[in-house]
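Given next, in structure tokens, is a single chain: the form predicted alone.
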């Protein structure tokens, strides 16, 4: 009998296939790899660009200028901070900027609450859409275009004086009031939109119950609406306060001689004395941090 030869079988590729893991399987089995892939780019921007830039700014505030060569010398000195807090002009400018930012925030809130109530509870759908477009309209134009529009409005021969001339009323001209009005015009959408959204979520029966109990409109706003609006008001105020605090172009174009802001001094020293500019830049950062801490202590941030 002759044996039948069997052809040689190819080696099985199952072990090789078992060793080669697809990327999806690898990510599924290792949660930390998914987190790295998800957060690598955001953390690179946050830490590598934002936090590192702030750290370098703080470090530069301790350097000094060589009086002979006018070059920035790395070192450690507190003279820049002493100058910032001892120079009356710098202190006055910092307090003026803080007052402007607070005024813009309060004025934006005062406009946003009644407008939000009207849009959310009283206006027809067509009128609500028109008002929504009108509120967001400032966001459609360029930043400098909006500032120049306000400059033309409040100039001596501008639109405001032309309209009010028959009544014997003259406009504020280029002053602190014009700066506050211009900044409110610029940042009002950031306050109006969250307030409107929050008011729209308030049940109508709360207004009816307040009216049934004899409360007037102002009492209803104070006792019913405002407590429910705190998270939205604080969310909007963070934008209006911080954006107004860091602005200086508005003060340059519509503010006049006595309307310098923190950014004005920083811009004037950025090339002449960078350490002083860096030290003065710490002030708005401190203002914003204090504002956020106070806001957090109210407990409204947890209800956002």
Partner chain sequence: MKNKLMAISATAAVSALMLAGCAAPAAEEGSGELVFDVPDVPMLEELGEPEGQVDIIAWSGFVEPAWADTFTEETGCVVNRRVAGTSDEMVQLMRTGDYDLVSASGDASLRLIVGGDVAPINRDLIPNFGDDIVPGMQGQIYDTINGNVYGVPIGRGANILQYNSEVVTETPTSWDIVWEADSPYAGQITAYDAPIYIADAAVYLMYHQPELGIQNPYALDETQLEAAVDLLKQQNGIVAEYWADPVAQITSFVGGTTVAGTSWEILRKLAADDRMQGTLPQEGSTGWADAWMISSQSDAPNCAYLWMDYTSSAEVNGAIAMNFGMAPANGAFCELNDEAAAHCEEFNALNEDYFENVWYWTTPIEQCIDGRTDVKCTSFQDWTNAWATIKG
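For clarity, a rigid core is taken as the largest C-alpha set superposing within 1.5 Å between two forms. Please read these numbers as outputs of a predicted model, since none were measured by experiment. Numbering follows the first chain given and starts at 1.
Same protein, other form: the form predicted in complex with the partner chain, not shown, and the subject of what follows.
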Is residue 223 close enough to touch the partner chain in the model of the complex, meaning at least one heavy atom pair within 4.5 Å? no
Look up in the model of the complex whether residue 253 has a non-hydrogen atom within 4.5 angstroms of the partner chain, and give yes or no. yes
Any chance residue 178 has a heavy atom within 4.5 Å of the partner chain in the model of the complex? no
Would residue 208 sit within 4.5 Å of the partner chain in the model of the complex, counting heavy atoms only? no
In contact with the partner chain in the model of the complex (heavy atoms, 4.5 Å), from 153-161, 192-200, 130-138, 112-120, is stretch 153-161
Going through 253-269, which residues have a heavy atom within 4.5 Å of the partner chain in the model of the complex? Please give them in sequence order. 253, 256, 257, 258, 260, 265, 268, 269
If we fit on the core, is the Cα of residue 67 displaced 2 Å or more between this form and the one not shown? yes
